[in-house]
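As structure tokens, one chain now follows by itself in the form predicted on its own.
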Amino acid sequence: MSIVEVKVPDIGDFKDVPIIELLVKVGDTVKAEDSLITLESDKATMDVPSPVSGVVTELKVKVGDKVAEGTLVALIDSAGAATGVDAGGTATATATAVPAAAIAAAPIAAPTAAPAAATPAAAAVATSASAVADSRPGDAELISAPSRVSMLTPAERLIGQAAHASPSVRRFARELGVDVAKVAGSGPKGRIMHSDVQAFVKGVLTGAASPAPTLAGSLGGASLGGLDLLPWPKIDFAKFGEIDVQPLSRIKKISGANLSRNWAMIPAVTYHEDADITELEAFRVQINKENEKSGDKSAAKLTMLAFLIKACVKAMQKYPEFNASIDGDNLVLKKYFHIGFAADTPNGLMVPVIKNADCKGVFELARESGELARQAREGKLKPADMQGACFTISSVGGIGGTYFAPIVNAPEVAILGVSKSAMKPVWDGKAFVPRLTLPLSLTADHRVIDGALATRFNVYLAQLMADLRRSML
């Protein structure tokens, strides 16, 4: 008998990922690479495979358990399987390949108990916070964010991060809906402690302190300082007719909370421009036909997205404010160019990121974006594939539409919406001629980018798409 320990493989820097399905039971015979359990994060699902063939002798987990890298999943009797042997003589093996989706950021855990110093009412607040913790974004954001900024509430970023508190205290405060900027610290050098947050909650409940305003959203509501909106309406829809209740996917729950925050906290303005892509589209089609006739299977099929990414990088190099993020009272200007693009998947919208797009040609950009989009649809994106974006492109051109106003992905300061190209009559000074035009919708954070700068960016981007030779100037 050779007992193999099957453990959760490398799933990134994330913990507390829930098990949603057990695919085997004790006594089942499995082959190498057969799936044993299924995990689900806010972005995707993944199966943990068996590293060897054998018989399942024991399952160490159950549905609903939360696991992390290295968690023991099962014991498999693998007679004759080649495994490593530890110092105690027990054969062990850890699944190293990740054939299905890698896990993205999992929701943060709620406090395990109500604060000891709080009143029963305060305990109820903590319990309520625990109940909705799964619908709130954790410290690892869906869309890439600088590590320090992602620890802060939007209100803290706007006031310059004046509150002196550790990440764990900030997390605890968020779960209770407390703005740490309103909490007085009793620790060294005014540092805010857990007990200070508990005391603040107690003071609010007894009327001794003012509560932090919150935004009650349709997806559980993220705490947003400075807003005091009515709670979401509770309606019995069944009394009006037949209904069918379906739970939101985890992707939509988590992304919905992020989008609600971004929509409420970013003073965004959308600017529209039409790009003449008549020559560019003809060139794209010609190159693809030439590669097809030559039988060059190594050449990726050129897409308009690849040209858009190239043009956006060039425009960001000319206008560096678009490659920036707000960090308190500072503007962080980035020297790298990571471009995210929205990918439509069966489980919701996902945003893969192409790293160092400035160093890649259009063929490489087309190949990489196509591969990332395929992985997104199959739920196989790794956490690193969705982090670090400086700018996002959201294209609905394959579906239709004319113009739209995309929501900025914090902590980015702009996002480009692209709609369906169409032939339009354009006056050339003598007559109307048919030109293929591509609608561009640029949404920008007005705190960083004013109307004049956004319009210049849009116009320059349209010029590049009309004649990419400009990118060499």
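Position 1 is the first residue in the sequence shown; the rest follow in order. Keep in mind that what you see is a predicted model, and the values were worked out from it rather than measured.
Keep in mind the form predicted together with a small molecule is missing from the figure; the text below concerns it.
**Student:** Heavy atoms within 4.5 Å of the small molecule in the predicted bound form: which of the stretches 50-58, 28-36, 417-425, 65-73 has them?
**Tutor:** Of the options, only 417-425 has residues within 4.5 Å of the partner.
**Student:** Is A373 near the small molecule? Define near as a heavy atom within 4.5 Å, in the predicted bound form.
**Tutor:** A373 belongs to the contact set for the small molecule.
**Student:** Mark C390 yes when one of its heavy atoms lies within 4.5 Å of a heavy atom of the small molecule in the predicted bound form, and no otherwise.
**Tutor:** Although the small molecule is absent here, C390 would stay clear of it in the predicted bound form, with no heavy atoms inside 4.5 Å.
**Student:** Against the small molecule in the predicted bound form, would S394 count as a contact residue? Criterion: heavy atoms within 4.5 Å.
**Tutor:** Within the cut-off, so yes.
**Student:** So in the predicted bound form, is the small molecule close enough to L349 to count as touching (4.5 Å, heavy atoms)?
**Tutor:** Yes.
**Student:** Considering K355, H194, K301, K334, which brings a non-hydrogen atom within 4.5 Å of the small molecule in the predicted bound form?
**Tutor:** The residue from K355, H194, K301, K334 that makes the contact is K301.
**Student:** Would you kindly say which of L176, A342, L280, V313 lies with a heavy atom within 4.5 Å of the small molecule in the predicted bound form?
**Tutor:** Answer to the contact question: A342.
**Student:** When you measure heavy atoms, are R284, L305 and G398 every one within 4.5 angstroms of the small molecule in the predicted bound form?
**Tutor:** Looking in the predicted bound form, the three residues R284, L305 and G398 all sit within 4.5 Å of the small molecule (heavy atoms).
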